[in-house]
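For this one, two forms of the same chain are given in structure tokens, first as structure 1 and then as structure 2.
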Structure 1
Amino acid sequence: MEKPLSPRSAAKRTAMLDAAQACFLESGYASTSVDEVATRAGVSKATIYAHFASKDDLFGAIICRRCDDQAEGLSSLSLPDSSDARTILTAIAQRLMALFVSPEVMGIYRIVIAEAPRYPELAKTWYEAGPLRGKQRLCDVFDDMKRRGLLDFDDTRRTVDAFVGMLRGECFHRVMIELPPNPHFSAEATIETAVNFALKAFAPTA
């Protein structure tokens, strides 16, 4: 079990992670040096290596921190106290879309995609700590909706995967590759389509 960091060490670690994330997002993984991160964080290179074994380890820590934030956001997702499936699904979809296209999440996603062939372990860390944990939280929500008779489906994981997949459509991909938005595929339209599809596909049987 790791020894808890002192407040001073924890603050330094946070500063290093903040600086490294900014450097990686601005310059990419390959072009970012530990020296650059140290200068930006206002610490020595030795201090960084006292906390992180390598640049890979530093990058992995950033991914885990960001994924922890995402998972916490989904875990604390405040759903409407409603018996209306449309209201609940819309709230879920709005939270997910905001998360998917946020600059920080999108920036890390781009880096992971670019570096995955060379650093598969980092991609694995990102996937298990982020999307996989998020989908598990959604499975719990969908199972609860099924128990309440609001939806009906056979396989929870596939149902959640289909719902999330509909949100990662044209709007998401245009943001990812920095194309101008297409009004026909706005975030609002994407959410409406996904919710309408889910309500029809997973409607409770009479």
Structure 2
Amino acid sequence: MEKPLSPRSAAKRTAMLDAAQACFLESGYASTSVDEVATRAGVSKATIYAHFASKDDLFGAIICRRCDDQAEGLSSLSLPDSSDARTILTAIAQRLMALFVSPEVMGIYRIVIAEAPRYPELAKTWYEAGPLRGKQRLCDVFDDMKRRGLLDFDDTRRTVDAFVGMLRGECFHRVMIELPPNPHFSAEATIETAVNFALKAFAPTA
């Protein structure tokens, strides 16, 4: 399956993928032209078609590469070694929020949502490699906190789902549709509200 590429080819391939990613995330799939990608990558259009069968194929390669990055980023995510529920939940929420509103993640999120009806397999690949794997990891953390008596809840997956959902509020939406931020719904305020909420709802019955 692996074909040994010359160093020169590999570099061009990376340049093409980088350029394509930037174009797709900026302008969406349909509005991006292969000419534009070629120019940005410093190669000719024919070179792109020597590496990728079609524009669709190039698009798929981008999403898959992003999925690999996501998987890597998640496994290197470290949490504070604390025995205070608030400290741990706040750290989790801060990392999640920073991830959600980062330009790269936001860009891929936008385009996957937009193109999901026409690329269902790509959307599935992305969702399983990113959000689903991330939530699985959070489940492990929550289960561990439960075991240590820091939290109490019934269904781990639903609990995590609700906690993560609380971070996708006004603040997140404003970034997503590029509206100016509302100070009342800053990232910090959203995180604090979610953590307070979770601590009250999941506090162990003393």
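Numbering for residues begins at 1 and runs along the sequence of structure 1. Throughout, rigid core stands for the largest set of C-alpha atoms superposing within 1.5 Å between the two forms. Just so we're clear, the structure is a prediction, and the values are computed from it rather than from any experiment.
- Between the two renderings of this chain, the form predicted on its own is found in structure 1; structure 2 comes from elsewhere.
- After superposing the rigid core, the C-alpha of residue 167 moves by less than 2 Å between structure 1 and structure 2.
- A movement of the C-alpha atom of residue 42 reaching 2 angstroms or beyond is seen between structure 1 and structure 2 when the two forms are aligned on their rigid core.
- Once both forms are fitted on their core, the CA shift for residue 151 between structure 1 and structure 2 remains under 2 Å.
- The two forms line up on their rigid core, and residue 15 then has its Cα shifted by 3.4 Å between structure 1 and structure 2.
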